[in-house]
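Okay, so here's just one chain, in C-alpha cells, the form predicted alone.
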C-alpha cells in the first residue's frame, strides 16, 4: 500500500470511533466555528456554560457563570459575559478544505461534534501525520469545565493558554494557574439606582502529561506535552437570600477548592463521573419517530436540506433531544434558572438583557421540564421565584397599594423588574409551581413552596377585580402582552386569574387548609368574565370585540387558556376551542422562533397534528446564514433557535410541543374517586410520524408513559405510576380505565 494511502487509512481509523456510533444524538461539523451565535457549540453544568469553537491553530472557549449579573431590586440589570480562555498552539494550522482527504501539509478529516447523549464535545483531525483530539465537558458533580487536548505523537503539543476577563480585569499567573478576580463597578444601567456590586473570580489550571508547563507574563506556556488538561472554575459571592443582601461567601476559596479537587480526581474519573451523572438524567426518555434520518450529513448541511419534499425526521428527533440537553445543561438543582439564552451569553449588553422575561419566555423555558421527565431541572426556577417574592411584594405595594405581588416584563437576579407591568404574568409563573405538584404528587412541596406563592397571587387578583353592573368580575387596567390598550377585562388577565383561582382551590382542597379563603375563590371564580367569541368566530383578545383578522402579532396572549392552561379544551369547551383555532389561524404561521414553538403547542392541544408539524417545517429552517437572511425565526447552524437573535425558549418550546403531540394529561379533581389522572395517547399525531415509539414521558399524577405505534395507531403502551393509581386512557378513539 502506498505511503500516502496508508496515512489516510490510519487517519480514518483514528477518527472512525468518534463518528460511527449513536449518530442520531450528535451535532457535527466539518470545520471550526467562527461565529458565536450561529456555529459555536454549548456545554454547561447548570452553574457554568461555555461555547466551544474547535479551533486548530488557536482554540477559543467563551464562558459564563450563572450569577454574574448586574442589577438590583429595582432594576433588572443584565446577565453578563465572564470571559474567554484561549489555547494558542505554536505551529500555525488552517482548515482550507474541511472534510477533505487531501493532505497538502494542512488538516485532513476535520470533525467537530457534540454528543448530547453524553454531553461531551470532541474535535478530531490529522495534520502532517499526527492525529489530534480535543474533548470538552462540563461536570455538574465537580462544578468545573474540563478540556483535554491530546495527540498520538509524544511531545506534539506546545503553546500558550490565556484567560481574558470580559470586564477588563488583569490576569494573574502563578505556577500552573491563571486567575481573574474583582468586583463589578457600581455603575447605572439606563438610569436608576446603582447596581449591587458582585465579587467574582475565575481560575484556569493547566495540567500536562509529558513536557513542561510554566507561568509567564500573565499566561501559561506548555511545551512538548503529550496532552494537556485545562480545568476552569468560576463563581461570585452571590447568595440567593434577600436577608443577606444577596451576598455570601467570597468566591476564592470555593473556586480554588473545586480546582484542587478536580486535579486530584484526575481526568478519567472526572469524565466517568460526568457521563454517569448526565446519562442518568438524559436517558430517561427515548424517542424514535421513524422516517428518514440523515445523520451522516453535517448538521448545518442537514438544516439546509430539511426543507426538501421528504423531511429528515431524524433532525426533528435530534432537535427534541437537543432541547433536553440544553435544559439539563442550563438548569440543575441548587442553581439559578435558565434565562433567555440558557446560560450562554457573550455580551455585557445582551439582547433583552438576557433576563427572566415573564410575559411568556421564562415560562416557556420550563414548559417541557415535567412532560420530558426533567422535573429536577425545574427546581432552580422554583427557588428563584420564591427568593424574590418579597421584593416583588414591596414593589407591588408601592405601585398598586394592594396585596400580593406582580412583575414587569423584564426581571433579574435580585427581583428587580423593569419595562411594562404585566400583571397576568404572576399567575403564569405560579402555574409552573402548581404543575410541579401535578406531575410529582409532592405534597410537601405544594404546602411549603407552591401554595404560599399561589395564595399571594390570588390575593393580588382579589384586590384587583371589580364588578361590572351585572356583577361579572373583571381585572382592572390589564395588558395583553405585548400589544393593545390597557383596559379592564383583558382576556389574558381574565384567563390567568381563572387559572390561579382554579389551581389554588384544588391545592387548598388537597392540603385541607384555608376553607374560608377557598370558598371565597370559588365564589369569585364563578363570577369572572369568561372567554368570549367575537363577530368573525375568533376568541376575543379583549372584552371589547376589536380583534382584527389581519393582526399577525407574535404574542398569543389570549390563548393561554388553551396552552399552557386548561380552561379551554376540545372535550370540555368545544365552541371555545374552535374559536381559539380561528384566532390562531388568523395570526398565521410566520413569526419569531419562540412564537412558532408556542403555536406548535397550541395546535397540539387543539388536536391538529398536521398543523403542528407544518410549524416544525417552518421552525427548522436556516436563519441568518449566507443561504438565508431570515428575520422571522428559524434556527442557526448550531441548532440554537432564533427569535432572532438567539433565544433558547424556542428550543424548549419545540421540546414541549413534541411532548404535547405524543401525550397529554390532566389531573382529576381531588374529589374524583373513579380515577386520579386522564391521559391522551398520540392526541396530535402527524402522518409523517406514522411508525415510532417513545419511552419515559411523564404524565400528571406521577405516571411514566411508554408508547409504541404503527400507521398512526397505538400498538402498545405502558403506564407506571410513582404510586398506584387509576387512570382514564384515551387511545385509538377509545376510552379505557387502567391501573398504573
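Since this is a predicted model, take the numbers as computed values, not measurements. Residue numbers count along the first chain shown, from 1.
The form predicted together with alpha-L-fucopyranose is left out here; the points below concern that form.
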When you measure heavy atoms, are 370, 682 and 698 every one within 4.5 angstroms of alpha-L-fucopyranose in the model of the complex? no
Indicate whether alpha-L-fucopyranose has at least one heavy atom within 4.5 Å of a heavy atom of residue 201 in the model of the complex. no
Wondering, does residue 594 line up within 4.5 Å of alpha-L-fucopyranose in the model of the complex on heavy atoms? yes
According to a 4.5 angstroms non-hydrogen atom cut-off, is residue 340 in contact with alpha-L-fucopyranose in the model of the complex? yes
Within 4.5 Å, heavy atoms only: does residue 299 come near alpha-L-fucopyranose in the model of the complex? no
Can you pick out, from 503, 647, 494, 601, the residue that has a heavy atom within 4.5 Å of alpha-L-fucopyranose in the model of the complex? 647
Answer with one of 589, 263, 482, 488: the residue that has a non-hydrogen atom within 4.5 Å of alpha-L-fucopyranose in the model of the complex. 482
Where, among 553-561, 580-588, 147-155, 245-253, do residues come within 4.5 Å of alpha-L-fucopyranose in the model of the complex by heavy atom distance? 553-561
Does any residue in 338-361 get within 4.5 Å of alpha-L-fucopyranose in the model of the complex, counting heavy atoms only, and if so which ones? 340, 352, 357, 359, 361
